[in-house]
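The chain below stands alone and is given in structure tokens; this is the form predicted on its own.
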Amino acid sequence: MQILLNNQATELPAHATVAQALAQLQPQPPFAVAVNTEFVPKALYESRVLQANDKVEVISPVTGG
């Protein structure tokens, strides 16, 4: 199935989880994840199943002033 991972079309197996999507992106912590604009708690990364055409955003904090 295809999802959008940080606005990039990404192919994942059917029933892939947020954790599997993150494995492809390999973001450096700290970061937060949203699926279709809804925050996904870290504790749910392994169990949150994605659907075709989901939009997954991995967001890193920005520091500075």
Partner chain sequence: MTAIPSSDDALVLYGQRFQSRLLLGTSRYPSPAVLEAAVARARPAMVTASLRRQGSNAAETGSDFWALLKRLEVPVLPNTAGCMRVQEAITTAQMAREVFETPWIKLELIGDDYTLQPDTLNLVEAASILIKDGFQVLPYCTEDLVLCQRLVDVGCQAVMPWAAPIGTGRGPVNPYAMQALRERLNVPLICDAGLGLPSHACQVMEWGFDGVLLNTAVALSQDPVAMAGAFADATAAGHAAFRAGAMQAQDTAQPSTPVLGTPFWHNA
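Keep in mind the model is a prediction, meaning the values are calculated, not measured. Numbering follows the first chain given and starts at 1.
The following text describes the form predicted together with the partner chain, which does not appear among the structures shown.
For P41, a non-hydrogen atom is located within 4.5 Å of the partner chain in the predicted bound form, even though that partner is not displayed. At a distance threshold of 4.5 angstroms between non-hydrogen atoms, M1 is out of contact with the partner chain in the predicted bound form. Within 4.5 Å of some heavy atom of the partner chain in the predicted bound form lies at least one heavy atom of E57. Contacts of stretch 1-27 with the partner chain in the predicted bound form, defined by any heavy atom lying within 4.5 Å, are made by N6, N7, P27, listed in sequence order.
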